[in-house]
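Here you get one chain, nothing else, as structure tokens; it is the form predicted alone.
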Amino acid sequence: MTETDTDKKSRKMQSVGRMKEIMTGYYIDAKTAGQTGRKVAWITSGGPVEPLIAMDIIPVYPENYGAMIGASKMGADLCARAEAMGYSSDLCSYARADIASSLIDGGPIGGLPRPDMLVCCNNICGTVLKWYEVQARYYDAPLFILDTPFCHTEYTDEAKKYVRRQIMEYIAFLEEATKKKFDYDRMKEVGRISIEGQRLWQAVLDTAINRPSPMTCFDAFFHLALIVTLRGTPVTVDYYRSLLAEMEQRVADGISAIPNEKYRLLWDNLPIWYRMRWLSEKFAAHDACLVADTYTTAWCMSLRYMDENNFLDSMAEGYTKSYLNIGVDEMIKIVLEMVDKYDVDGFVMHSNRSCKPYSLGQYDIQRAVQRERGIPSVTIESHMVDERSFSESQTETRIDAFMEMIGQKKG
């Protein structure tokens, strides 16, 4: 075995296998829910999942499935099918892939289980409203919509009361769908576990503060799955506790995510799922480690607002002030905090044609980062699932020029 093979083996994360086991078991449970008498709810990624967990309802995320479709390089075909049905190519590629996969049970696991209900929260975008209406009609399933007012700068008392009332309506909706009374005591425990899981996830991400970093944002994109899918469950807490221990051991042993970390970068926006390996290797070839990203960090943002001793009330603010439901000025503050926290040398922006709320303010953020911190930036244009939109040669040229700029600046 060569030295290169030895180094590569030492950098491999042991937790990867455990994550795959958990997610396989989760999808088996969801696909066999009809045989076990459990209910399945499709829910948007930014939606309040904890009440579903408290009611023993299995949450299923079409956006997560979209990511799996993208990583499996099945996005182009499914998106093309949706376009043949009349959906615009400018529509979110998660939505296109999900709508098309429903018709043919397509995708890497043969389609998602049929929903007994759908839960849509518009704190991530407006597309989800029509997307979930389409699926509610197709599956003839009840739909609950949680409307979160946009928070340009502040979270008003009126907004708090408005969302809090809807949470009670959400609980009533679940009681009607399951024919069971809501267990408020269990909700308290689920809320406590949810916050604990978010704290552990943030601690995992924070291990990237170290030089060299024990992980990259591409690793974070993979390990993110549980804090999205099974937030509020003990298995998530146990997994992130184990992952954190592994990251801390890697730091102690001096194991780096890439062989020769020289430059540290910050990623903005969703992953380009079908080019993750290529991008990871491309940046690593320049000795650049993407140590942090706004996407995986967004799943810890509610820690700023949620109270484990008063979870149901504080949940209203936590789910309203998500990263995509705040003004660009507030986003700039968060990005600048991350630039300083992770001591980055450059800023990589995925201008994601699929996600307008995530992408429209990027040039303002880019100018602010340049003005306030003076670090170079690069823009990569694509969709997160539809690989037809990705230009490898153009992206490679931009990355090479960007890294040359950073190298000159660092001297």
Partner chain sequence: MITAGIDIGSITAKAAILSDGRILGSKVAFTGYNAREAGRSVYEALLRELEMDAPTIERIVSTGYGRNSVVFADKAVTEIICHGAGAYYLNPHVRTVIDVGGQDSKVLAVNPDGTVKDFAMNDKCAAGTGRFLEVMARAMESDLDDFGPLSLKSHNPSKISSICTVFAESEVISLIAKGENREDIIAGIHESVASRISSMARRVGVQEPVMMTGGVARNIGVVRALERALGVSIEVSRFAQVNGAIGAAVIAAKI
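All values reported here derive from a predicted model rather than from experimental measurement. Residue numbers count along the first chain shown, from 1.
Another form exists, predicted in complex with the partner chain; not displayed. Remarks below refer to it.
Looking at Ser389, you'd find a heavy atom of it within 4.5 angstroms of the partner chain in the model of the complex.
Interface membership of Arg373, defined by any non-hydrogen atom within 4.5 Å of the partner chain in the model of the complex, is ruled out. By the criterion of a heavy atom within 4.5 Å, Thr397 is counted among the residues contacting the partner chain in the model of the complex. In the model of the complex, the partner chain sits within 4.5 Å of a heavy atom belonging to Ser377. Annotated contact segment (heavy atom within 4.5 Å of the partner chain in the model of the complex): 362 to 370, selected among 41 to 49, 25 to 33, 65 to 73, 362 to 370.
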